[in-house]
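Below sits a lone chain in structure tokens, taken as the form predicted alone.
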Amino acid sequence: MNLYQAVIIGGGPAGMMGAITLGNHGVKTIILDENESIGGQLVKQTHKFFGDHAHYASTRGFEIAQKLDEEISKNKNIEVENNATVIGIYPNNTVVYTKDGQEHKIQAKKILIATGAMEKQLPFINSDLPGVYGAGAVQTLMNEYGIMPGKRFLIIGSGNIGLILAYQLIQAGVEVRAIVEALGKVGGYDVHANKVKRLGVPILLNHTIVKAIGDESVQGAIIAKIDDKFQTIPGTEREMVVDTIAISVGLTPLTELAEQAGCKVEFIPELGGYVPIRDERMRTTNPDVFIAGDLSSIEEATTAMIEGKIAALEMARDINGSDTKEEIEEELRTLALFRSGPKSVKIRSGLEKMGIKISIPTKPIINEKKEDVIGKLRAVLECDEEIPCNSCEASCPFGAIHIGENLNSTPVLDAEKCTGCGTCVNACPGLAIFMMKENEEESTVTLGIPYELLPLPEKGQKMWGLSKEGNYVCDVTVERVVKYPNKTNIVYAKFPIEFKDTVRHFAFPKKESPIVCRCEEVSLEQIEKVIDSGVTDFEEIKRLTRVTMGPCGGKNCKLVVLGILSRKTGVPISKLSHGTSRPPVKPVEFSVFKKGGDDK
């Protein structure tokens, strides 16, 4: 039986960082991982990570895996056993695993379990049909093996995994019909949600899936609204034509090996379900066994890496007496800082249940605002959510973006210092930064957007300008495309200045005409035909097409229609009549008028 000073079960971000730390402290370590290569969930993540640059912010997940793997391969104290499936942990720290059809046993002084988590399932009618996948399974097929399991997707769950999957599917060229969320708010980061909404993917809150339609495979789905008790509301059912349903309703830690090792396990829903009880240095109730990553609590890969490092530092102290006290304290402070924002309230609450009190750093969250500089090419920061990330501040070569010591502060731009270089746009993991310059003499604006789709637009091309919700706003003309090695390119386009705060994405025109007035389902083509027939008065266009006559009263489409009229006639919007606003300004029931008012 082979003897090691430390055994790490699981080669994901927590296990890899743990191994590197142990190896650097002279501890003979082996990683056991059941996959062909280590990296865990990182290898299928093509998006850029949040956090700070010390923890690989602005680096794509698979690139982080490559960097960590390179460090491990250079460390003589670390051994990696791939395709090794751990089947049990026995007394005396004996770990049993299988490889190539054979059983193997090893012993270690200390064990780090970093087995991660598995996807939760959601019961609904026909959920066993081929075509129903977990979100992680779809990412594995698509990003690791280049296999696309479907062409039209419905995603259940709006946590970060579901939102990221939707974006990656669109990058791969398939259609995402909708994201369905049972809660009344999006579960993941706003910047992830905004990315997919700009691409036209609706996020249906207070909805759930009722049934998958099909005989031998998924051919559709029935969704419905739900009440505050999560019961479906009769009469709200509707059918969607899809061939793939991806379930993304959360993860649950894989605790079996920890339980076999004698670690006490308790149900703490805030952390993901059943989790091993441990102290702040990741030691479980078995003093020889440590945990890290999603097994500890369902969080981001960044916190998993920090936990893996903390566990390894404590293990090194036990094994060879390494003086790691200061390193541990520094990592604990960093971890507390990452968890100090409003998005980590649930995690902090869960940790308190096992006796771990997160002392929130006194570093203040800064949300100051500075005056904008109109007419100058500068960055526009649309990151208003307090999440742990300072990629923009760290990337700016001119010190024009300020976040401060607390990573959870929202970024603030000093437009006077901004040179318009676009470095921050390229660095932002949430694609929440744009470049803007008003061309006041010609009443246009130039907008630069982060663009991660193929094919890339070319100079002079006409495209559609889309709103934050993915709706058509106006036509735009591409001025230039700036390419970057990390594939977050910047596309600059010009369009009427009236839409500078509305347009947030560019798309190639589709064969079908986009809907301009959603209430009355009036398309761009219908409006243009009326204008081409010689009608240039807004009120007349309104009467002929019913644009702006729906429940919203034109709040969503009036300016868009005026923009179309301006483009077709060459008359600036400021010179056009915008029609007459008539009561009621909001929809009311006819019964209100039947009852009469104060004067009857």
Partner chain sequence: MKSNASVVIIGGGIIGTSIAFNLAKLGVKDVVVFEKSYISSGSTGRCGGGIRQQWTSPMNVRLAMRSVELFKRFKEDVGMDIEYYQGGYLLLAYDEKEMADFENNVKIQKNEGLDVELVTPKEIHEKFPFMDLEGVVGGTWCPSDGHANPQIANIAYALKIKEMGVDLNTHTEVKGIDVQNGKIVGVETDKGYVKTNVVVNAAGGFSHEVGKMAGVDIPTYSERHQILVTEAINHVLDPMVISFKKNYYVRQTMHGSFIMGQSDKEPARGNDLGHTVEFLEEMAPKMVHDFPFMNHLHIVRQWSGAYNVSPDAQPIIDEADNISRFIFAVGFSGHGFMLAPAVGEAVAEMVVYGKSKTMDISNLKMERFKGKKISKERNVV
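Residue numbers count along the first chain shown, from 1. Note that this is a predicted model, so its numbers are computed, not measured.
Absent from the display: the form predicted together with the partner chain. The rest refers to it.
Of the residues Lys28, His53, Arg546, Arg567, just one reaches the partner chain in the predicted bound form with a heavy atom at 4.5 Å or closer; this is Arg546. Only one listed stretch (567-575, 54-62, 36-44, 529-537) carries heavy atoms within 4.5 Å of the partner chain in the predicted bound form, and that stretch is 529-537.
No residue in the set Phe398, Gly404 and Lys417 has a non-hydrogen atom no more than 4.5 Å from the partner chain in the predicted bound form. The partner chain is not drawn, but in the predicted bound form it has a heavy atom within 4.5 Å of Glu520.
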